[in-house]
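Next up: a single chain in structure tokens, the form predicted on its own.
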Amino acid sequence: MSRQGFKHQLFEQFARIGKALSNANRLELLEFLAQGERSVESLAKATKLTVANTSQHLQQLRQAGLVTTRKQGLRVYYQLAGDEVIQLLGILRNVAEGHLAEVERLVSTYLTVKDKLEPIPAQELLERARNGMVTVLDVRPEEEYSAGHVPGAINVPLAQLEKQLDRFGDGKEIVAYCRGPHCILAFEAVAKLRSHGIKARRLENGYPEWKAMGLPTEQ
């Protein structure tokens, strides 16, 4: 094989990754899988796709080496192939934010206006949590929290937050997080807490990025 032929075939393999990522539904499936292992049925419910459509998208992600599977009885469970997939999604997000005006417009319209305070970086949160200076709040669904979470974090899904505000009366600052930097759950949780006079900020990224950084986690 010539050098040119080798390089062309290599790029064709790289392009398989790009092709797998070139669909909004598959990117959303990867975001959910970044929280932990999920069944096809669970992912279909989370994304509001049919089971057949979800399975088809997952097969394309598996063929590109981005996810792996295991079977338990009649159910098939999917998980990310590795933390480098989370890093790949982060690079994709950063490039889009830096070079696509529409992404910047969407973020500034729907997210930035919801939170004028700077988010807290992961390392800073780790130190402050260890010193008992903050309460860490995970606002993801219980299923995702159970799969893995920031050490010491309490789980109050956003829909239940209004009824559990009395849990945050000790005067500590609340730091909320969810699925990632663009996950609106944390933004809305912080806004709700502040509307009740509770000091709150959000984590700079989300649980998948925390885990990919090699920071401690709990299950």
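One rule holds for the numbers: they count along the sequence shown, beginning at 1. The model shown is predicted, which means the values in this text are computed figures rather than measured ones.
The form predicted in complex with a further copy of the same chain exists for this protein as well; it is not shown, and the discussion that follows is about that form.
My question is simply whether residue 87 lines the interface with a further copy of the same chain in the model of the complex - judged by any non-hydrogen atom within 4.5 Å.
Yes, residue 87 lies within 4.5 Å of a further copy of the same chain in the model of the complex.
inquiry  = Check residue 184 for me: does it contact a further copy of the same chain in the model of the complex (non-hydrogen atoms, 4.5 angstroms)?
reply    = Flag for residue 184 set to yes.
Looking at the partner-bound form in the model of the complex, is residue 37 within 4.5 Å of a further copy of the same chain by any heavy atom?
Close contact is absent here: in the model of the complex, residue 37 is far from a further copy of the same chain, nothing within 4.5 Å, heavy atoms only.
| said: Can you tell me if residue 198 lies within 4.5 angstroms of a further copy of the same chain in the model of the complex, counting non-hydrogen atoms only? | reply: Answer no; every heavy atom of residue 198 is more than 4.5 Å from a further copy of the same chain in the model of the complex.
Select from the listed residues 81, 122, 129, 147 the one whose heavy atoms reach within 4.5 Å of a further copy of the same chain in the model of the complex. Answer to the contact question: 81.
Counting only heavy atoms and a 4.5 Å cutoff, which of 50-58, 148-156, 63-71, 162-170 contacts a further copy of the same chain in the model of the complex? Single hit among the candidates: 63-71.
Mind listing which residues of 9-31 have a heavy atom within 4.5 Å of a further copy of the same chain in the model of the complex? Those in contact are 9, 10, 11, 12, 13, 14, 15, 16, 17, 18, 19, 21, 22, 23, 24, 25, 27, 28, 31.
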